[in-house]
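Heads up, the chain below is alone and in the form predicted on its own; it's given as structure tokens.
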Amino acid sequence: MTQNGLHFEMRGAVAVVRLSRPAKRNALGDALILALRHLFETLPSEARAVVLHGEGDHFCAGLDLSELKERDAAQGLHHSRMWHAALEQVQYGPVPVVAALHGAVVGGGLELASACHLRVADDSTFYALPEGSRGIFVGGGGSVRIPKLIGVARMTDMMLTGRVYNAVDGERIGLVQYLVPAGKAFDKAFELAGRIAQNAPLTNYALMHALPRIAEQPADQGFFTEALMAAVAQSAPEAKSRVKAFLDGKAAKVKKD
């Protein structure tokens, strides 16, 4: 199913979401952003993980500048908050999201990628935040999410100077967790999503919703939140059955890849 530049399909327990505006390098217009929000709000209950990727030669070249119109301060504020609400559904939705990146991951495209939980890039990927040279500022949550990946200093450099990071350097500074040969990002992302889909749903939910909040809490509050989440997770029937299987020697032990 394709609607408003967004394609959706289920492959087993993995929902595959594709940005489908290749002629625009998958630039993000308002209709696509609202479609993303709606999709993540209404994911089928059988979805256990999501792969997000882009059609054509690029993941996403950012904001569709053809839609950029003159707004007063209030209109600009509300427009940015609309993006925030949409990408909040990606980051804090029902299941983990793995982004498969290739080609341009620029501006709003990097903001979208940073809202995902895992990021896989191929050798063709490059990253930039050209808003500084265009006289604008990030408005899709990038100033909050991207520094958590690479630090304030590196993001400042990208916006002040227009610095572009290639695939290798992007992995080195922490923009992605995986780097694969060109053309292999989707396959790797789908493989990871398949593994994630096999986890206990409550554990996945805790990693998405509790872990980032714990990381921002003072230590004493973080320890208490962790204890509460651990108690809730281990009380789930699925957790009990998985621990029992391990103790009975029926579950695989951790080993090197």
Ligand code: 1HE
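So that there is no doubt, residue numbering starts at 1 and follows the sequence shown. On a predicted model such as this, the values are computed, not experimentally measured, just so you know.
This next part talks about the form predicted together with this ligand, which is not shown.
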property: Ala104 within 4.5 Å of this ligand in the model of the complex, heavy atoms; result: yes
property: Glu131, heavy atom within 4.5 angstroms of this ligand in the model of the complex; result: yes
property: is_contact(Ile136, this ligand) in the model of the complex, heavy atom dist at most 4.5 Å; result: yes
property: Tyr127 within 4.5 Å of this ligand in the model of the complex, heavy atoms; result: no
property: Which of 203-211, 226-234, 186-194, 59-67 lines the interface with this ligand in the model of the complex (heavy atom within 4.5 Å); result: 59-67
property: Partner contacts in the model of the complex for 27-49 (non-hydrogen atom within 4.5 angstroms of this ligand); result: Ala27
